[in-house]
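Just one chain follows, in the form predicted on its own, and it is written as structure tokens.
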């Protein structure tokens, strides 16, 4: 069997290891394991969503509305953005793929930074595009002007995660807007705000989107992170009507399940849960960084619900931590060999990680 040539150029996405992976590899029990590898919300989902889904479980025989009109209306009310400018997908990851498919012809360019969310690279190449990666500055800082300067007549789509996963780097709103306004209107600019709620909405580009109505700006959001609903697989985006119409043309008939749509409608009412989640991360980081400093362990703070720990033998440390039942994220798939990524967990989870890491601190630099 002969696959399309582009398939050979696409590396398989490597997710954070699951609890099942570790129990099988190290012979541990699930209750012995602390998972801090995938930036999941350690509080779990909002209890209101759980209770609602329990009552609605018998409706799994129902096909969902194709465009998710009920959830679209709730998002429209929440953000004061017309329904016609909102699209929901099976996680924001699906929307990334679809945006590449509606924008890229053979050999068109898709631009992002090095060490940006790995899926951008996969989707650009899977859509027959050329990937242009902009080199980073010291400590994974991104120079947005370098990206602007790389735009040419072959550029069709740009991806910027803000904050970025996995590095945690954040580009200030004013700099981002200045760059956006320099980029030609026929280039689609995708700003992925999966982690923006861990800062605050004032750092988002949503207000800019509403005021300026740029046809080439897309803002991605997700229910997976601060809402704690990663397993429901619901993402959404704000975009011009033309972009939304193009996305709907290639949308699968029933890509976002009925219960997922309904559960997210409930989640939009859970403001206290969002604040609690944000507070947990801010409080957790403050305590974690104090402890790391006390033990001369270097780190990069980042702006999401995660941080990086510096380690000259990061892969080895990741494996040693796994053997003790603490799962953190190797960044080797991103070509980062001297850091690993850690999700901020509950106080108990953070304590467990710190305890095991400090035992290995002679390996950390």
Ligand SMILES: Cc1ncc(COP(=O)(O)O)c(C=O)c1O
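On a predicted model such as this, the values are computed, not experimentally measured, just so you know. Residue numbers count along the first chain shown, from 1.
In what follows, reference is made to the form predicted in complex with the ligand, a form of this protein that is not presented.
- At least one heavy atom of residue 195 is located within 4.5 Å of the ligand in the model of the complex.
- In the model of the complex, the ligand lies within 4.5 Å of some heavy atom of residue 120.
- Proximity of residue 167 to the ligand in the model of the complex: non-hydrogen atoms within 4.5 Å are absent; the residue sits far from the partner.
- The ligand in the model of the complex comes within 4.5 Å of a heavy atom belonging to residue 222.
- Partner contacts here mean any heavy atom within 4.5 Å of the ligand in the model of the complex, and among 137-145, 269-277, 225-233, 150-158 they occur only in 225-233.
- The contact with the ligand in the model of the complex, taken as any heavy atom within 4.5 Å, belongs to 91 out of 91, 129, 284, 263.
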